[in-house]
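Just the one chain here, the form predicted on its own, laid out as structure tokens.
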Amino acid sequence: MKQFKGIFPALITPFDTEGNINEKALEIIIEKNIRDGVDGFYLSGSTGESYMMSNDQRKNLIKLASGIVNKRVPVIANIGSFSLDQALDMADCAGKQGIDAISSVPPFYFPFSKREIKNYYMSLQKETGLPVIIYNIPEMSGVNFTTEELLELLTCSGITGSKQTTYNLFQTEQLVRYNPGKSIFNGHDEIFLSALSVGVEATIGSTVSIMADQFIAVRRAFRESQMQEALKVQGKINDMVDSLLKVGIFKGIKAVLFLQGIDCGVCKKPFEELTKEELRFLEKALERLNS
């Protein structure tokens, strides 16, 4: 199966005032990122408010985004759910739209056993025939995979990789080292350079869509062994990430996109809108990023 490499924005989902997907804004974001040089897209993840949307909205997002991208770069869709039937329904839509791979958080909320979680992933791969990427995000899912458990899952040829939204670089390095043909993604933007240093060749990032050029610059400097330059640019990324975390990462990304001229609406409730003071705070962060 194809090994994914490069820089993938974890796309936000733009909404209009009625709470429907704003197709025009989605197209503008995708086209901007393609011009900026990203290597693919990740849809319907945490950043995309996937669990705030209905299944029909999630499927519509997959249809719209895949149509806009039109095979120019790979597209990965998170179809995760705590119900296997719902995940398979989402995966069926993804397959019909020509999505390059599906990704899933482990089933959550109920205290599923590790065997049940393993069977969930194996069923996704077996019943869809699509490449499956594990979405390892323990802070949000409440599921802590051991390295051995992830390595066991990755022995399945149809499970093509893992999205490592974890600060456990020791684990990530082992996954890379023992699975040279698999797609091991970094999932925390603030440790992008650190992940490159342990052999990671792919990243899925929430903030990529607002500053893809910075991630590309870090990768270029790292490849050219210009470590001081790489550290400098990673520091700019981290300054923006820190600012976003102070106002709410997903709300903040939509606000920065608005400041960049792309109105993506607001996050679904119960998220609250940013205050004028918070918006001014982000304006200053954006000025620092562009300086």
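Heads up: residue numbers just count along the shown sequence, starting at 1. What you see is a predicted model; the values in this text were computed from it and never measured.
Not pictured, yet referred to below: the form predicted together with a small molecule.
- request: Choose from 124-132, 174-182, 151-159, 199-207 the stretch whose residues reach within 4.5 Å of the small molecule in the model of the complex, heavy atoms counted.
  value: Result for this chain: 199-207.
message: Just checking whether Thr165 would be counted as a contact of the small molecule in the model of the complex - the rule being heavy atoms within 4.5 angstroms.
response: Yes, Thr165 is a contact residue.
The small molecule contact in the model of the complex: Ala10, any heavy atom under 4.5 Å: Ala10 belongs to the contact set for the small molecule.
query: Ile34 near the small molecule in the model of the complex, any heavy atom under 4.5 Å?
result: No - in the model of the complex, heavy atoms of Ile34 and the small molecule never come within 4.5 Å of each other.
query: Does any heavy atom of Ser44 come within 4.5 Å of a heavy atom of the small molecule in the model of the complex?
result: Heavy-atom contact with the small molecule at 4.5 Å: absent for Ser44.
- prompt: From the list Ile137, Leu169, Ile117, Ile216, which entry has a heavy atom within 4.5 Å of the small molecule in the model of the complex?
  reply: Selected residue: Ile137.
Of Leu26, Leu257, Val241, Val38, the one that lies within 4.5 Å of the small molecule in the model of the complex (heavy atoms): Here the answer is residue option Val241.
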